[in-house]
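Read on for two forms of one protein chain; each stands alone as structure tokens, with the labels structure 1 and structure 2.
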Structure 1
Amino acid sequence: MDRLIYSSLAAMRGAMGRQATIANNLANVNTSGFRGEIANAQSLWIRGQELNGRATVSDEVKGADMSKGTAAQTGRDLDVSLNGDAMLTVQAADGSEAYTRRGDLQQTNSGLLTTGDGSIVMGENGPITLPAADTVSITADGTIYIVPQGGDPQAPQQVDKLKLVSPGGSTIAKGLDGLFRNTAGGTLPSDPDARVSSRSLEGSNVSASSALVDMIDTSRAWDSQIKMLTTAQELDKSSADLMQLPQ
């Protein structure tokens, strides 16, 4: 008996996974620096004894959409948006070095600089701690200047420089914590040409309209698989009818 329904089942599972991916992209439509995921389906041939008779579908999240989100001015001194494909270097919760486009920097009570989701921001010399300061400013190349408490506003002092990287030829992929890492292992070197814009923040790159179109597409794919299942059901029924002995 033909295993049509199993192929359909795999396709439906895939469609639901894709729907979950779209839902996650849309849920993060306002998350600063978020990179949407691209769902991808590929056929997986099941090797029969004689011929490749059946393909099923293996659904996977192929990777993140790395296009840019829109940056908006915020006026907050510690907000940075990254130009080009530059990324900020952060220390993930597991201690490894990871990369992010999220630039809403915060200070802890000890002055340690973190991103809005609590990852420690790395400078050229490791984690950055800002001393008590009257003003903080970040220049285009990521250098952080402060005017220390009671200091001369005309003579800002350099504290550290954000470690800015560009993936360049390296492949980076999003981990389970939403941060990017070098898939080949190891860390990326800092890029002296990377630039940031301070007092502005990049939004999510999820396009609500194209995600909605993808969603319609997914639900139609789901519907056609249901159609396949009902057709299989009818075929099954008619063959069972044929087999029935006349009364």
Structure 2
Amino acid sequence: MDRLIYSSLAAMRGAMGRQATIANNLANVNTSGFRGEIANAQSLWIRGQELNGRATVSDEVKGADMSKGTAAQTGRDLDVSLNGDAMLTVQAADGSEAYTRRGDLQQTNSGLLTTGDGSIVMGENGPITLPAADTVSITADGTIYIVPQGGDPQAPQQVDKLKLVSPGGSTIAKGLDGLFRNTAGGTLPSDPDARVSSRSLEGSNVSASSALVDMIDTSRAWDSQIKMLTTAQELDKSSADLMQLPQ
């Protein structure tokens, strides 16, 4: 009886982890460049004094689905979609260098260039700050040109160049902040062959319909374990009734 209850408890813990991952994916189904998270279960043995008697389940995010999302034209000057496996370099909240596929670039009041979630966009020489300009354009290799206020539209000026990297040959992992980092530490070098498409955005690669099916499946798994616990309770009560002395 004890083993049955313990197994159901471990399965319910795993279902909770999967449900949290699916909910996060669904919440970001409309987030530009979002990569769906993948949760996997693994056994965690409980160490005893002599024998490893039991194993519980740990269901946590192990990686991300790196398949491409659909790119769509927006006509906005600061929108870029990353081609191939290219990634945009940003500065994470802790000051470290990280990478993202999010290309809905924004300009703060001070001119600092950020992604839609507030991460500072890095150029070849550090954070990018754009001066006041009439127009901004981004070429396929990530070079940023502006036409200064009142300037000649036929003579745009280069301001900086997006630091574009490729994870090929390196292993990257997604952090809790949604940004990717090099698991070996350090930073990825600029990739001169990386390209972007301006005035377009790549959508999330999460399929809402598939995520909903997964959520229903996980809910059913949870209900099955609840029934197992109820059955265990009934069996325990029946056993206790058998042990009662007749009155």
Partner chain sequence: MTNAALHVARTGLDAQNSRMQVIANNLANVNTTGFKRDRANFESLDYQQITAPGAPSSDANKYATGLNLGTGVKIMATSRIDTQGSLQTTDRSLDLAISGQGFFQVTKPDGTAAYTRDGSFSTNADGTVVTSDGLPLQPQIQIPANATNVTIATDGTVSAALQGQSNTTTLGKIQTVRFQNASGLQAESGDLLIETAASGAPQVGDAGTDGRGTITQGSLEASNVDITQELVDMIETQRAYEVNSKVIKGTDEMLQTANQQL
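Numbering runs along the sequence of structure 1, starting at 1. Heads up, when I say rigid core I mean the largest set of C-alphas that superpose within 1.5 Å between the two forms. Worth saying up front: this structure is predicted, and the values here are computed from it rather than measured.
Between the two isolated copies of the chain, the form predicted on its own corresponds to structure 2. Both Gly95 and Ala140 lie in a single rigid part of the chain between structure 1 and structure 2.
The rotation of the smaller rigid part against the larger one between structure 1 and structure 2 comes to 18 degrees.
Superposed on the rigid core, the forms differ at Thr218: its CA is offset by 3.6 Å between structure 1 and structure 2.
Core superposition gives Leu229 a CA displacement of 5.8 Å between structure 1 and structure 2.
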